[in-house]
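So this first bit is one chain, no partners, the form predicted alone, shown in structure tokens.
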Amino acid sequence: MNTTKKTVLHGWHAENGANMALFGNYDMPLWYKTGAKAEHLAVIQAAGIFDTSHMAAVSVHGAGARALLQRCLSKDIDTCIGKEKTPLADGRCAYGVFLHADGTVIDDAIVYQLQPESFMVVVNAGMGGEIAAHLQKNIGENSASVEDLTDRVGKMDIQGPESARVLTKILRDPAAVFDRMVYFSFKGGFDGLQTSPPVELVDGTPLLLSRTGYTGEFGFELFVSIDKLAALWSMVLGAGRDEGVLACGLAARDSLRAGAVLPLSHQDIGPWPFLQNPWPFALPWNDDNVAFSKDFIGGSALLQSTWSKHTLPFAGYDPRKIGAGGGSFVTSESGERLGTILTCTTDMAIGRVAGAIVSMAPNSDFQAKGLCCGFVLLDKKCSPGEQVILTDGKRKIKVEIRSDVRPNRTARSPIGKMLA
């Protein structure tokens, strides 16, 4: 029998009026008194902080650690950095998926190279043990050690255009920390999970600072010892008070990631082949897109798969949404049943002007009403611009298949530009 778990920030959430719900077997905040809309917009216009300590981490180290990850992870970490496709290096991280032998998804992950023989793998809530067991089972002749760090890593995120400005108030020597810190890079470390150079808070607390996130907007993920997380949370919130920083729950996290066309594991990717979706960059396709650059678990099954369904992003024409699952489904405009709804939420920072989607940029006068968006799993491919119907059997809403949803996202923006 599973017991509901709580993060170390659970008391803070309860004291600050969070609406709580079960997620990944953790009692997590959905939203606070400010409401999900205000929290979503804070990330677009200022910054929001998220308790992400329910996420799991796995340590992989030893002479064979890299070979083990190459075998188990879909991403080719020997050719994954930049246009030049250079290898993953110390202080860089990469996104990929772990697959079963049949090509179906176990979980997605970000792999951090701490040192040439030391890696941290961050996976979803409740998946630390399963991914650690998967790696352990496939060690083979590799000389590698795998350790599940579930509930031993303190993690929070700060996302939004004011993120770096807030962190300058609490980091020791922020100019040096931010220097040449590109998207999907990180610095520092904690509890032996360390890359060079070190990063410290003004009070001397060591942390790992990563230019990653799950919102599509500029920001960072912060990792510390679990016993330091509550103090870090309060420090960041205090430093961001004048910049309009809000604590944000899972509802805003979901609507932000959907508008950024980012998948939720076990919902938008899951027990079906990892093919014909918006995330082909997680696979090691050769330039001709007919073969992979390496052998990996599940790769052969994908190349031989007859999977014919397509996972496609969509956006609506107003904030109305149809819940995923249950009796919900997708039809053509003529009523032909096409497939299922995977995610349907509302990105409150976007609207339509003359049919085109427009985003609320920082300090913009544009007042968005919000558009529903998410992912559908269809029996056939639909091209961007085609319209389909989402329905729960009673209500119907028309949506447009898209290649992208929220424009002008800031995730890749240079830190110097965001601080200017």
Partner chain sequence: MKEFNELAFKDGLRYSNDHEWVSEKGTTLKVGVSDYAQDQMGDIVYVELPEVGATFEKGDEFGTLESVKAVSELYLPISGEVVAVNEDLGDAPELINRDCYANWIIEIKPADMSELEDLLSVDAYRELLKG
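Numbering follows the first chain given and starts at 1. Nothing here was measured: the structure is a model prediction, and the numbers come from that model.
Separately, the form predicted together with its partner chain exists; it is not shown, and the next lines address it.
Annotated contact segment (heavy atom within 4.5 Å of its partner chain in the model of the complex): 391-399, selected among 373-381, 64-72, 391-399, 45-53. Residue contact with its partner chain in the model of the complex: Lys187 places no heavy atom within 4.5 Å of it. Of the heavy atoms in Ile357, none are within 4.5 Å of its partner chain in the model of the complex.
In the model of the complex, at least one heavy atom of Pro319 sits within 4.5 Å of a heavy atom of its partner chain. Contact annotation for Ala361: none of its heavy atoms lies within 4.5 Å of its partner chain in the model of the complex.
Met348 is the sole member of Met348, Cys80, Leu312, Val105 with a non-hydrogen atom lying within 4.5 angstroms of its partner chain in the model of the complex. Residues of 7-29 that come within 4.5 Å of its partner chain in the model of the complex, judged by any heavy atom, are Gly17, Ala18, Asn19 in sequence order.
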